[in-house]
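As a starting point, one isolated chain is supplied in C-alpha cells, in the form predicted alone.
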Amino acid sequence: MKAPLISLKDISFSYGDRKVLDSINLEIYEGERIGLIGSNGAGKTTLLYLIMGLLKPQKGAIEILGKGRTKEKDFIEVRQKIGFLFQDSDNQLFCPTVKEDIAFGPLNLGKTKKEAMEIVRETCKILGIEGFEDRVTYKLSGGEKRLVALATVIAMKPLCFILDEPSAGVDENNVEKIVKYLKNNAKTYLIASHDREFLKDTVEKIITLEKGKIKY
C-alpha cells in the first residue's frame, strides 16, 4: 500500500492551558478528498497550521511526503508542494497587483517571467477571473480576494491542497467556479469549512473535530 502524503501521529497542541488537539491521528492519501468540520474554536485552523509548519506540536510526529518534519527548514519543501489557502485572504495577498501575487509562487519555484505570466493567464482563465491581472489587490472585494488567493495556490500546481474556508464570503457564482475547479482539476485535498453544502459538492469523506479529537 502507498504511504500517505500527510501523516499526523498522536499530535497534541494547546494554547496556554486550553488543549485544542488531543492525540490526533490523521492520514491523507493521494486521491483523497476530505472535508473537516467542527465548531468555532474546535481547532480546525490550528490543525492546518500544524500541517504547514506554521505552528509546532507539543507532542506527536508529522510526516509529509514520506519525511519527518520537525524544523522550519523541513517545511520549505512542504510549502512548495502542498498548496495552502489561508482563512484570511489578506494573509495570502501582499503584492500590488493580482498578476504579481499569482506569479510570485511560480517565480519562487524557478519559472521564468514569461512562464510565470503564462501560468497567470491559465490560472485566471480556469477561475473565470480574466481581466483581473492588472487590478490592485487591496481594492478587490472580499469574494474577489478569495478567488485571487486561491489562484495563487493553484499557480503552484501543488500535489495536495489544504484549504481553510475557501467559500467564505464568496457569492454563489464564484463558489460554483471553485467547486468546478476542485472537482475537475484537483486530485487530493483537505478542506476545513462550516459550509456543508460546499463540502457536499466537493468532498468524498467528512471528518469532525470535536473536543480535541477527530471523529470519522
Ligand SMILES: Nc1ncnc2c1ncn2[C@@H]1O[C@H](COP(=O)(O)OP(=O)(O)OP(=O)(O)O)[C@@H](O)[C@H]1O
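Because the structure is predicted, anything quoted here is derived from the model rather than measured. When you see a residue number, it is the position in the sequence shown, counting from 1.
What comes next is about the form predicted together with the named molecule, which does not appear here.
Interface residue among Ser39, Gln58, Thr70, Asn185, judged by heavy atoms within 4.5 Å of the named molecule in the predicted complex: Ser39. Remark: Thr46 counts among the residues lining the named molecule in the predicted complex, judged by a heavy atom distance of 4.5 Å or less. Taking non-hydrogen atoms only, Gln87 approaches the named molecule to within 4.5 angstroms in the predicted complex. Within this chain, Ile206 is remote from the site of the named molecule in the predicted complex, having no heavy atom within 4.5 Å. In the predicted complex, His194 approaches the named molecule with a heavy atom inside 4.5 Å.
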